[in-house]
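In the block that follows, a single chain appears as structure tokens, in the form predicted on its own.
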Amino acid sequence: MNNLPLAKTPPMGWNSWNSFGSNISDELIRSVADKLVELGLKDAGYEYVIIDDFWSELERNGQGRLVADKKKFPDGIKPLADYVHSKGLKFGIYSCAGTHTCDGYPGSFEHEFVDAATFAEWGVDYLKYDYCYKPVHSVGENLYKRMGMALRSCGRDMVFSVCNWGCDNVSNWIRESGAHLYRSTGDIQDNWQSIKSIAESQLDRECYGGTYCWNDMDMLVVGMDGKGDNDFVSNVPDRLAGCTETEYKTHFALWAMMNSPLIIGCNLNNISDEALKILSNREVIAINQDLEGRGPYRIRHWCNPDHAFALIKPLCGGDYAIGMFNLGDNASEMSLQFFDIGLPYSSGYGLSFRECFSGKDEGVFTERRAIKLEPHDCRIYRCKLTKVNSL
């Protein structure tokens, strides 16, 4: 252990669940590690390769230890972790606070310390810890504190990713459990309504996440395009699976602005150029990874308050990130009055706007900025205070 704090910024990486479900293997995970490097995603900040559920045998071995599925991972987990590390990446795995995982594999209930030690021996750097099959009379808060303590005593630095779906008022106690991120929502699906409902559920909850313990709005579905082996994520009623490029862009922008961890869920072996461009955008990623870790606040549009709004986030060095969003189904203006963010005209200052997706400088504005947004669209700006007159 290096005794340095983990998760100073929201973790970034890839997880197997969204696209592959149970269809995982040693070969797949190695190919993902290769692709993260080959596609430039490692250089963009994505560093964790995380196996979700379905990786173990259905029973522990005679010593009470978890064992990798011999067909999926014939050489075990450690050689796979070693391969991921050889690429300059970090390796993550999955377990559960209950007696079993969500798909019926052995959970870590009352095995916390031996499992933490096993993961450390294998070279695990990140543990996603789910909440299925928790005994009714056990207290979830205590179970997460138990695993948090087990990880801190295992001899290896490990990011602790809590996944209890926002239950049990988790935001009120999760930081002191030792967790580095915690799920605040149910599982995401690859459709616009799911993205929208998750984002709306977390707006105005800025105080519940920050440096070293981030509010996790679930994995990204950017680039899934309605495909994948996980029926829950990909197959939804009325063939609504998949999103437009605009909707995926807005999804990524919301997660970035709201300080959610950025965990890719699409199949990197057939990712589209458009999806790769969204996920690789360094300017948007920089907003998510800003070292101050400040959450944004919301300003609603005065004549469309239910659907159009701006998110304003102070950044290191005096810059501001300003995201303008239209989550509605009709085109809308979004007008931001600078007085509402603490910048009156009488100050003599305006804001310079640089749009992060296009990379274009759009000029200096005073008093307000008004733009028209198409349905489900957004603009993400990095803004600087600029002296405009001598009032």
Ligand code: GLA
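One-based numbering along the sequence shown. The shown structure was predicted, so the numbers you read here are calculated from the model rather than taken from an experiment.
Same protein, other form: the form predicted together with this ligand, not shown, and the subject of what follows.
- Judged by heavy atoms within 4.5 Å of this ligand in the predicted bound form, the contact stretch among the candidates 48-56, 320-328, 353-361, 28-36 is 48-56.
- Among residues of the shown chain, Asp125 is not one whose heavy atoms approach this ligand to within 4.5 Å in the predicted bound form.
- Using a 4.5 Å cutoff between non-hydrogen atoms, Met219 counts as a contact of this ligand in the predicted bound form.
- Though the partner is left out of this view, Trp17 does reach within 4.5 Å of this ligand in the predicted bound form, counting heavy atoms only.
- Although the partner is absent here, Asp187 lies within 4.5 Å of this ligand in the predicted bound form, judged by heavy atoms.
- Highlighted residues Asp103, Asp130 and Trp165: every one comes within 4.5 Å of this ligand in the predicted bound form, counting any heavy atom.
- The contact residue chosen from Tyr94, Phe160, Trp192, Trp214 relative to this ligand in the predicted bound form is Tyr94, the criterion being a non-hydrogen atom within 4.5 angstroms.
- Only one of Lys313, Lys134, Lys249, Arg183 lies close to this ligand in the predicted bound form, with a heavy atom inside 4.5 Å, and it is Arg183.
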